[in-house]
Every structure is written in C-alpha cells, then in structure tokens.
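One chain is shown next in structure tokens, namely the form predicted on its own.
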C-alpha cells in the first residue's frame, strides 16, 4: 500500500525534502496514518518519528517553511513541536520504553522504528508511512493494523495485560477509540482491562477526565460508559454513576433502572447538542437518587429532593476529579438542581405563573434546561412519550408568549432598593428587601405587570402597610 499520491498537502513535500537533506530515516506514524486509511481527513496533528533527533528535523522544516512560530523543544525526549497554519507537527526520536509498577511515566532510551511502533497502544496506531526518498509513501504495518482497521478491532500489539499494566490510561483510550470509531475491543484486551482496572489509580484525574470528555463528545456516549461499567473502571472513577445500577422491589413495586436511563438521556441529548457541559449535566442529573430513595406503601418508590442532593454531589465529583470549579461546574449544578422543573410542568396544566417562575429561575439556562428535560423522556409507553412531548411544545409556546409580554428572563424588579430607601427615607434594612421581594413575587404571579408604574403603586401600598412614611418629593 502506497500513499505517495495521497500526500498532496504542501507540508509533505517540505518534510520529504528536509528528511533527504538531514539524512535521517523519518516516518509519519500513529493517528494520522490510521485516519488516512479510514478516510477521516479531519485530523490536523501529524506525528513524525525520526530515527535520530526529532529536534534536528523540526529545525530544518521550520527553516524551509520560513515559519515564524517558535519551536517547542523537549531535549530530554529528543522531541520538538511546530505549528504551521492549522497543522501541528510533533517530531519525536524513535525510542523504546520500560515501566515501573508505580508510574505510567516510562524510562526512555533510543530505539529502532520497530521498537517505537511496538511501544504504541493499539495495532491500529502502529502503522507508519515512509518520508524517505527511496520508498516515499510506503506503508509499514508490522502488526497488521490495516487488518484490524478492516475488521474494526481494538487490539494491543503486545500482551494486553502488560500493555494496560504499564500504562493504565490505555484502558480508557481503548474504550474511547471503541466509542469514537464504532469498533469492538478484542476479547483478550477487554478481559485485560477488567483485570487491570485497579491500576487506574496511578493515572492523574486530569488525564482521566480528558478521556471521559472525549467519550461524552461521541455521537453515542453510552457505548463507552457501558464498557466502563462492565470493566469496573466506572466504579473507581465515578462511583456515583455505578450506584444508580439495579432495581429494587418491595410488595411487587419497582422503580426505574436509573443507570441505563441516564445513559439513554445522554445519548438523547447528544443528538441535539455538542455542548460538553450540558452532556455532563445529563450524565449527572440523577446521581442524587440512591441517597433519596424511599418506599411508600401508597405511592411506591420516591426520590424526593434528589435534584438538590445531586447538585451538591456535582461539586464533590468535580473537586475529586480536579475538574474546573468555576462557571462550568456551577452551570452543571444549576441544571441538575432544576432538572425536574419543566417535567413537573409538563405533567400538569401549565399556568402563566409557573412559566414565569421557570423563566426567571433558569435565566440564561432556559433553553439548555428544556433540552435536558426533553432528553429525559425515556418512557417506552408510546402514548405517554407523545403526551410528554406535546406538553413540552405547549410549554415552549407559553414561554415565548410570557417572555415577549412580561420580559421575565434575568429581570430585575422595576423599583430599585435605592428608590425604596429614598421614597421612605430609610437606611438599608430588612424592610427594603421585603418590599423588593413583594414586587418580584407579584410580577411572577401575574398580579401586576412588569412595569415601573405598577411596581411603584405596589411599593407605596406595601410601605404604608409596614408603617413607613412616604416622601413624594423623592420620586
């Protein structure tokens, strides 16, 4: 198999010339080769292995490109990184690796191309394309990666037990590739992941979350999370999700299987959005259920308050996994906390007051909240499924009407605290807050419109009821 005619990007001509001038055998390797074979042309990262110093080749390429970008050099690894337009090239000296039990960071020494390919995680990533003049474009495939691509198999080139023990991050990468490419993990490799699941503890949380994010970014994330659960990895990474598994039965009454329901919600939402943090909200929206599960003889199983409990658990999970404790975390928390509100509305007659409160409380998250709740409809009863979605259409229509008329989203009461204090001649105190809250509640309940004149009238009335003395000159 030869890719001479396919390598038509101008950068490859520069690479070929540079390789010839420095006289070091060099090859394109890894994911770029894999994606070229499966005709996925979106990859912008090119990994180049040099039998010698990758830094020397990087400098030569930079000079030929008249590239003003600075080369990032890692001398201890004989590695350099160079950006050109939208392409990132990494130049690495060929090497072999050895591992200790306590770390995934290997001891590195010079190696041949064969040894460099052998150290890679999966056979589909062990292929190389020559950049050398005598065999330019030739595919080098010592571990039958092309065959495994054809058969859609994820398999390690070495003993999978050793591969995953040496670098346990590869277990997550195997599951992620399985999910991204819609491949299957070879039986021995899958068994080895289960046997090595305890080794995930030596991987940093940042690297783990990076792989989880890539799984969530897939079209059908449930594929990856089901494998994470079956291999025991999920229990070690996010036990709160594993705890959703199972169905209890008392007096013939059962509850919904919340683990697979959650994965169905994540798949549903992935068909409508690429928002990673909205997908995290879908993944975690029911995590409070195991802690709030109770059996009531009259109504069966209940999970009262699971949204509030779940929102607090979001913080704990983000902190433990060293995920960002910033607006992203707060966004997920708020969506988890409010995740049942629109569903409750969809089960009842939708009043304007209820819609106003939903719009006010959700603010800028309203569309994402509705999207989450629509994804949360997983009932297998066709009549109920249709009814829920019809009710959500009604909710959306009412939201548009109420928002256009009352301007509730992110609104502030038309009367400020300063205006209240000036009119009644008072300093900051509880009474100011009570009057503001009274105005806000009256607007949300539809008792007055969201207008200054109506709010002013109510302010005067409430102030008099509280024994405050007005000063008309301060209006």
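Keep in mind it's a predicted model, so treat the numbers as computed, not measured. Residue numbers count along the first chain shown, from 1.
There is also a form predicted together with cytidine-5'-triphosphate; it is not shown, and the following applies to it.
Next item on the list: Tell me, please, which stretch of 330 to 338, 141 to 149, 398 to 406, 118 to 126 lies within 4.5 angstroms of cytidine-5'-triphosphate in the predicted complex when heavy atoms are compared?
Entry: Going through the listed ranges, the match is 118 to 126.
Item checked: Sole residue of 199, 255, 176, 261 within 4.5 Å of cytidine-5'-triphosphate in the predicted complex, by heavy atom -> After the contact test, the surviving option is 176.
Check: Which residue, 267, 368, 186, 167, has a heavy atom that falls within 4.5 Å of cytidine-5'-triphosphate in the predicted complex?
Finding: The residue in contact is 167.
Note to self: Taking cytidine-5'-triphosphate as it sits in the predicted complex, is residue 357 near enough to touch it, meaning that at least one heavy atom pair lies within 4.5 angstroms?
What the structure shows: No - in the predicted complex, heavy atoms of residue 357 and cytidine-5'-triphosphate never come within 4.5 Å of each other.
Item checked: Proximity of residue 30 to cytidine-5'-triphosphate in the predicted complex, heavy atoms at 4.5 Å -> Looking in the predicted complex, residue contacts with cytidine-5'-triphosphate include residue 30, since a heavy atom lies within 4.5 Å.
Notebook entry, point to check: Any of the heavy atoms of residue 43 lying within 4.5 Å of cytidine-5'-triphosphate in the predicted complex?
Noted result: Yes.
Checklist line | Heavy atom of residue 47 within 4.5 Å of cytidine-5'-triphosphate in the predicted complex | finding: Yes, residue 47 is a contact residue.
Item checked: Contact set, 214 to 233 vs cytidine-5'-triphosphate in the predicted complex - heavy atom within 4.5 angstroms -> Read in sequence order, the lone residue that approaches cytidine-5'-triphosphate (within 4.5 Å, in the predicted complex) is 214.
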